[in-house]
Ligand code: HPA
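First comes one chain, alone, set out as structure tokens in the form predicted on its own.
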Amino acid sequence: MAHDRSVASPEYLRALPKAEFHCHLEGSVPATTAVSLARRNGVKLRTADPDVLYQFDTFEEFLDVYVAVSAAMTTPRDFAEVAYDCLTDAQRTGNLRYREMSFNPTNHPSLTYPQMLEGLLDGLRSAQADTGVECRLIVAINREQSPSVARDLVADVIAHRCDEVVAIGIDHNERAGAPAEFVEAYRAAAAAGLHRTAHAGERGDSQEVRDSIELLGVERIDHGYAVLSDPDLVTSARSEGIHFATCWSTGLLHHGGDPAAIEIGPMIAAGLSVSINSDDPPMFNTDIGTEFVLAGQSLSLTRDQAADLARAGLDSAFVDDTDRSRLHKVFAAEIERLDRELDGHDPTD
């Protein structure tokens, strides 16, 4: 029996192939795993009860939990296990095919950058071998630390280049370090051929979005919702092809759980390049499949619109043209197969 093409069902939204560009390794640790890592490494969390660990009411409380869980990851083995588990889980729950995942090296002072990288590469390569999901890495600056820490981190990344590390970013509390403080670190990254992204405009400051684009030279913005408050910025971001890697569940946190207040729909309507991402999935009780279901149903997406959204970020992925073309072909084939199955055609025809 054929399915209505005007409706993107939860099953269709979850089954679509997905690429995401805004997901944090440290925010992808299941609560049970975080408790186990803390116990194994002698690190104290605020609670050893996994049912309570990820309960928080404010963004600041969330960051406290994020930093504490980061501290529980102290060995290359920890990084390998978390990377493998979060990638295979995302493939299982939401048909993730490609991810560019951030991690915060300076949140793990017990390890050197090469030690973290060793574990991460082991985990993501094993995940690709077992599931086919591809992953690249974004080294994230903690903006609550000093610009000199950021410069040293970028120097470390440049000194230990590998193909899987494709970009730098900046995250943590946007009300701490302004983009202007990190210009030198971003210039060094650009000179070394690294791509650039930044968390900006999550908490209502459109100037931060503008400064990230104009001062840091970013190609993508994580969140970026405040762009809508500046019509000139919307126009320039659209014309420059700035991509916005948005997240539904974290938007709910900022808007008291009201989906009608989330800016993602208006951003799409304004013609901005937008993708749906999972951010810190277990910490917000979500996954990439659930994010598509929430966004798709709240925005009343048709199947064609949902498929377009699934492909939306591929043109902004930090890959070369050969890999971009390959990913587009993979997505097109999977979407065509899914549509044929739902429209009542034999997928072997």
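Numbers follow the displayed sequence, beginning with 1. All values reported here derive from a predicted model rather than from experimental measurement.
Separately, the form predicted in complex with the named molecule exists; it is not shown, and the next lines address it.
- The partner is not drawn, yet in the model of the complex one stretch among 257-265, 71-79, 198-206, 129-137 has residues with heavy atoms inside 4.5 Å of the named molecule: 198-206.
- Although the partner is absent here, R210 is not a contact residue: none of its heavy atoms lies within 4.5 angstroms of the named molecule in the model of the complex.
- Looking at D280, you'd find a heavy atom of it within 4.5 angstroms of the named molecule in the model of the complex.
- Within this chain, L63 lines the site of the named molecule in the model of the complex, having a heavy atom no more than 4.5 Å away.
- Contact annotation: H223 falls within 4.5 Å of the named molecule in the model of the complex, judged by heavy atom distances.
- Of the residues H172, R125, R151, R187, just one reaches the named molecule in the model of the complex with a heavy atom at 4.5 Å or closer; this is H172.
- For the partner-free chain shown, H22, H24 of 14-37 come within 4.5 angstroms of the named molecule in the model of the complex, judged by any non-hydrogen atom.
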